[in-house]
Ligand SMILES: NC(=O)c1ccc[n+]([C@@H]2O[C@H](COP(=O)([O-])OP(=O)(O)OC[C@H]3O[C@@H](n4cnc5c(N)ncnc54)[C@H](OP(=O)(O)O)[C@@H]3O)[C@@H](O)[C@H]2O)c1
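Encoded as structure tokens, the following chain is the form predicted alone, with no partner shown.
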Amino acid sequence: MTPPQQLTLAVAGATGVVGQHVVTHARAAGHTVVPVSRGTGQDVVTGAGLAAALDGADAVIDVTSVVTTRTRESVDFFTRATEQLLAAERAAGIGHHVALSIVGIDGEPSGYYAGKVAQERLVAAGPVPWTLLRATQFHEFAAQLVRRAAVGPFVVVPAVRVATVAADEVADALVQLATGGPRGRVADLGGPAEAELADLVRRYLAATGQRRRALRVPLPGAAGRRMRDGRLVPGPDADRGRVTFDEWLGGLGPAR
């Protein structure tokens, strides 16, 4: 049997929620990993340090993100970051750009999702052959909401149907895609079960020994209706992860 090809993979956003798992999976598979982040001297928004980091890489896995719900900030970040990455990849002769996006964002005009829509358009029209994986929200999203949306003893949670997936499984899928040829948009990846996001937050709070209460708040407008109606849940043709939310919770310690 021919051993799998060992590649040099640049990981943009290597210190993020998914990026850390991507680095771990890539190294475990024997690939050489080049982390791309501000901590390692690169800035995807300005392009600083990208040329040196991408020199000699076979593929780039882009899992960059920005903490914002503001439309302009999200669109600006993902537009600049994607343009800088693609330009640096083209100059370095890299033949494969792998991007992570989000299930159900088609046509979203505002908020964080608008930035991801802009990113997808740039990747599809760009100069580097590409693969795009859309995934659902991560199991880790419940913990992020507790940190970011806590108001006194409460956590404000938007009313939304989700099918969360372990970030570790998303990372594994991205590494596998990066080791093959460009495939365009591939099947979506979702979690094994659907749930109300507020319920997941309540389970996270209980599992980590926190006494806050999750408040489910329906968001206004068409976007809020789409979220409640299950737009962010993958369709029947999607791939599904195996790790359940409760199994993920089982690996957490108190008050994490």
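We number the residues from 1 along the sequence you see. Note that the structure is predicted; figures quoted are calculated from it, not measured.
The protein also exists as the form predicted together with the named molecule; that form is not presented, and the subsequent description refers to it.
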Answer among 44-52, 27-35, 209-217, 192-200 for heavy atoms within 4.5 Å of the named molecule in the predicted complex: the stretch 44-52
Residue within 4.5 Å of the named molecule in the predicted complex by heavy atom, from 233, 238, 243, 17, is 17
Assert contact residue (the named molecule, in the predicted complex, non-hydrogen atom within 4.5 Å, options 135, 162, 88, 173) equals 135
Checklist entry - Taking heavy atoms and a 4.5 Å cut-off, does residue 110 contact the named molecule in the predicted complex? => result no
Should residue 221 be classed as touching the named molecule in the predicted complex when contacts are defined as heavy atoms within 4.5 Å? no
Quiz item: Taking heavy atoms only, is residue 101 within 4.5 angstroms of the named molecule in the predicted complex?
Solution: yes
Is it the case that residue 130, even though its partner is missing from this view, gets within 4.5 Å of the named molecule in the predicted complex, heavy atoms only?
no
- Message: At 4.5 Å by heavy atoms, is each residue in 82, 96 and 179 next to the named molecule in the predicted complex?
- Response: no
